[in-house]
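Let's start with one chain on its own, the form predicted alone, as structure tokens.
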């Protein structure tokens, strides 16, 4: 098994494939993803693992990275993600425009909140650059940009007063829910689909729980068996809620309503608690997947699965970007040619192959990069 394969990369690769499938509405396989059996979905996992990865970056290998280096690295990462967001958004707009011309169908120009770009391009392009105007299905990276800009503060607070980080994050999260604080969109009036002011708590939870030797992370590891026992009925209840439509009626719950309903924009407590239960219950599975590789008959397929998902996870930004564009390509193709089981299967297989090639090329570029000359 490749040394680089680990649970974080494995599950991040799983989240990337799931997001790719979920971003193709009507796809046969989208009916079998996490979002159909859980109140939370792959987006929660993606953000949680981003926080977890921040901890590994800052304290990986038993070597604590200097605070200054963390600040610079996180700032650079935010800039990198911002550039990726602008690039894939421009490509997506070009894809919609090209498809509208090719198929003589101006309806495509209105897809995914793109109408403002074509009807009123001057303010819309300012909004795209400022991240205040976002296309549908291309709105996760803006959240990630803001979280990376918040991350230096989280990392600094963790070093100065680690016992305050999680209480601060949770308190801020509760204030956001109570007063419905969010970021506005412009020039089209509205709010961000992923509210960074609320989603920061998922990011911080990943960061805090990744610390194994102290704080909440150490507590969770000491009591993980009991937490899994508590988590099982919560996970089952989440699945039943989806199956039988047991969602709370927003008109009947008390104020502040966001404390009692399921809402993705604000990642409300119902969603957050169910996600944490899901993590506790399924955290046990990766070690068993690794053990399955010790069975001779399963060795090759299991190693291939672990290697593939871990490679995708290690190169998450590249893979996410290409996956977003592949999802839009599939949406356009299915709009005209309709979907069948065979077409949908081909779409998924082709998409995973392209994402895998993208990840392989990203790693190959690192492997074959010429070493810098010695000074």
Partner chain sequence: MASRGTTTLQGARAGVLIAALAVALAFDARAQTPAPSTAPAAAPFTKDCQVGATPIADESPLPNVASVLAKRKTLRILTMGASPGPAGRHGGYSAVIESILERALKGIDVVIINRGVSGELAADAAFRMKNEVALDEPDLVLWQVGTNDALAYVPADQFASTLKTQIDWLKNHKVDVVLVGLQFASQMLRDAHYAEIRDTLRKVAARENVIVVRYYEAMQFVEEAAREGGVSAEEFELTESGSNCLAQYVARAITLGVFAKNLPPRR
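Not measured: the values here are computed from a predicted model. Numbering follows the first chain given and starts at 1.
Form predicted in complex with the partner chain: not shown, discussed below.
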| item | value |
| --- | --- |
| Segment assignment from 117-125, 70-78, 147-155, 291-299: heavy atom within 4.5 Å of the partner chain in the model of the complex | 117-125 |
| Joint contact, 136, 258 and 261 to the partner chain in the model of the complex, by non-hydrogen atom at 4.5 Å | yes |
| The partner chain contact in the model of the complex: residue 213, any heavy atom under 4.5 Å | no |
| Partner contact for residue 339 in the model of the complex: the partner chain, 4.5 angstroms, heavy atom | yes |
| Heavy atom of residue 318 within 4.5 Å of the partner chain in the model of the complex | no |
| Touches the partner chain in the model of the complex: residue 334 (any heavy atom, 4.5 Å) | yes |
| Listed residue (94, 86, 188, 130) with a non-hydrogen atom within 4.5 angstroms of the partner chain in the model of the complex | 188 |
| Residue among 247, 179, 282, 168 with a heavy atom within 4.5 Å of the partner chain in the model of the complex | 247 |
| The partner chain in the model of the complex - contacting residues of 104-119, heavy atom within 4.5 Å | 104, 105, 106, 107, 109, 110, 111, 112, 113, 115, 116, 119 |
